[in-house]
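Same chain, two forms, each on its own as C-alpha cells: structure 1, then structure 2.
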Structure 1
C-alpha cells in the first residue's frame, strides 16, 4: 500500500482503501443518505459522474486548486465524492457509465501525475514514480528533464498505440532505454489506469439500495439511455469491421485508427454521417460535437472537401486491426469482402 499524504489522497482517491477511509472518518454509507448535512456530498458525486459522462470535466467543481487540496475540508469532500460515485455507479449497474467515468478519472489522474512528475527530484522513491511502478510494473528513472524506461517495458505498454509518434523508431533510445517527457510517460499508462479504476467499480459485490440514494440512481439510469445505440446489422461485413462494432457495443474504447477504419468503411458503403454517429455513443470518451465534426471531415462535407478512403488490409495489419478469416479470400481492402471471386 502506497503511503499517501492529504493532497495525494485527494488527487488519487482510487489508491486509498475506500472502506477503511470511511471508517477512519467515522461515517457509514447509510449516513450519507439520511443526514441532511451529508446529502450534498451525494449530489457532488452525482455531478462528478455526470460531468465525466458528458465529457465536460470542467463542469465538476473540484476542491483541488493548483494541484493541492484547497483546505482541510476539501480532502474529505474530494475523496467522498469519488467513493460515493463508485457506490452510485454500482447501484446503477450500467457498465457504459462506469467506463466513461473511469476514463475521465484516469485522464484527471494523468494530469495530476504529469504535474507531479515535473516537480520531482532524482529520487526514485517519490510518489508519482512509485504509482507508475506499483500499478503498472514499469521501472521509471529520471534523467535530466526526461524519464527513461526500458525498451521492453515501452513496447509492452505502447502496443495499443497506432499513431506514428509512438513507434519505437520515432523515440529517443539510448543503451536500451526509451526517453520520454512527463506527458508521454503518463500518457503511456492512461488506458491501463482507466482499466484499473474501472475494476474498482465493476468488481466486488453490488450493495443493496441505500435509503436516500434512490433519486440519484434513478436519474443516472434515465440519463444512461442517452448512450444506448442502434445495433448495426453487420451480416456481410468483414471481420475487422464486425470486431470494431462489437468493441463499441460493449462500451469499450476503440483506438483512433479503428474508428477511422469503421467510419471510412461505412461512408464508402453509402451510410450517412447521421447513421454512423450513434455507433460511437457507447465509447467511454464519446463527445457528440467532436464525433460529428470528425465524421463530417472524413466524409468530405467539411474542411477540404476530400472524402477519406478506407485503409487497405495491409495497413490494418500493421495497426493490429486485421482479424482475417478464410472468407477474406486474399482481398486487399475491407471493401472487397464478399465480392472477390476465386
Structure 2
C-alpha cells in the first residue's frame, strides 16, 4: 500500500484500508449505526451512492473543493462517506449499484488524478504516477508536457474504447512509446479504476447486517429495481454482445452502431421488442417512446416492414465492436456463435 497524506486519502479513498482507517480514527462500524452524531455520515454515504447511480454527481455535496479539502475536519467525513458507501453497497449486495457507484467514483478520482498529474515535476515517485503504476501496472514517465507509456500497455487499455481517437494510429508513437496528455493518461485507466473499486465492494463475503444500517440498505434495494435488467441471460452470447450489455448495465454510453448490433442480434434470437426495450433504459439518453419506435423499425413491425439483420463480424470489427475470442472460431456473424464446432 502507498503511504498517503490526509487529503490524499480524501481524494483517493479507495486506496485506504478501511478497517485500519477506522481503527486509526478510533471508530467502529457499529458506532455509525447507533451514535446520533454519526448517523448523518451514513446519510451522506447514502447520498453519495444515490448521486452516483443517478449519474448526477453534482447532487452530492463533497467536502473537497478546488482539489483541496475545505477544512481539516471535513477530511475524515469525506473518507468516511466513501467507506460507509462501500459498507452499504456490500450489505445491499447488488452488482448494478456497485458498478454504477464505482464508475462514478472512478470518474471523480480521475478528475483529481488529472489535476495532480498536471502539477507534478519530473519525479516519478510522485503519487499520481505511483497510483497508476501500483494499481494498473503501467509504467508512466513524464516527458515535457506529456506522459509516455509503452505501446503495449497503451493498447491493452485503449482497445476498450470505441472512439476512433483512441486508436493507436491516432496517437503520437515514437521509440516504442505513446505520448499522452494528463487527461488522456487518466482517461485510459478509468475502466480499470472502476473495476478496482467494484472489486473492493464485491469481493469478500457479504457482511451481516449492522444495526442502524437497515433502513438505508432497504431503500437501496428498492431503488435498485429501477436498474434491473432481467430478460437477458447472456451465458451463450458472443463477446461483442456481452460487452454491449455490460456497457448498458453500467449506464455507460453505447454508440449507435452498438445499439443496432445488440437490437438486431436479440431480435434474430427471437426476443420481443418489449423485452429488449428495457435494456436501454440505463442509457444516459434513454427515452421510452423513441426506443420502442426504433426497435419496431428494426424488427420490421413498422415502417418498411423489412427486418434488419445483425451486422457481420467483419463489419463489427471495423466499428470496434468486436471482442474476438478463440471460441469465435472464424464465424462470420455473431449469430453463429456457439453453433460451429471445432
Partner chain sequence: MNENDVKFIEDSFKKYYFNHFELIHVPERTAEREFGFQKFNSGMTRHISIKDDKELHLLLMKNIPSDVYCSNAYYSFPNLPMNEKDWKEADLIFDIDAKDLNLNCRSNHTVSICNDCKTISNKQIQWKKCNSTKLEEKSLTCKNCIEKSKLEVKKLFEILIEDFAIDKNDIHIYFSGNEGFHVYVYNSQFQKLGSRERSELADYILFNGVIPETFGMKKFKPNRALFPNFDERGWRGRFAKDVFDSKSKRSKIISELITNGYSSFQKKLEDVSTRIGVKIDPNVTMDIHRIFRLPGSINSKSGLTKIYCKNITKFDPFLEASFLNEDTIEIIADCPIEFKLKNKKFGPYDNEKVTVPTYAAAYMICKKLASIS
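Positions refer to the first chain, counted from 1. These figures come from a predicted structure and were not determined experimentally. Take the two forms, find the largest set of C-alpha atoms that superpose within 1.5 Å, and that set is the rigid core.
Engineer: Have a look at both and say which one is the form predicted together with its partner chain.
Structural biologist: That would be structure 2, which is the form predicted together with its partner chain.
Engineer: Would you say whether residue 213 is displaced between structures 1 and 2, judging by a C-alpha shift of 2 Å or more on the superposed rigid core?
Structural biologist: No: residue 213 shifts by under 2 Å between structures 1 and 2.
Engineer: Taking 2 Å as the cut-off, check whether the CA of residue 182 shifts that much or more between structures 1 and 2 after a rigid core fit.
Structural biologist: For residue 182, whose C-alpha is compared between structures 1 and 2 after core superposition, the shift is less than 2 Å.
Engineer: Indicate whether residue 195 shows a C-alpha shift of 2 Å or more between structures 1 and 2, with the rigid core used for the fit.
Structural biologist: No, because once the rigid core is superposed, the C-alpha of residue 195 moves less than 2 Å between structures 1 and 2.
Engineer: Any chance you could measure the C-alpha shift of residue 296 between structures 1 and 2 with the core superposed, in Å?
Structural biologist: Residue shift at the C-alpha: 12.9 Å.
Engineer: What's the distance in angstrom the Cα of residue 262 travels between structures 1 and 2, core superposed?
Structural biologist: A shift of 2.7 Å.
Engineer: Could you tell me the distance the CA of residue 249 travels between structures 1 and 2 after a rigid core superposition, in angstrom?
Structural biologist: Residue 249 C-alpha displacement between structures 1 and 2, core-aligned: 6.2 Å.
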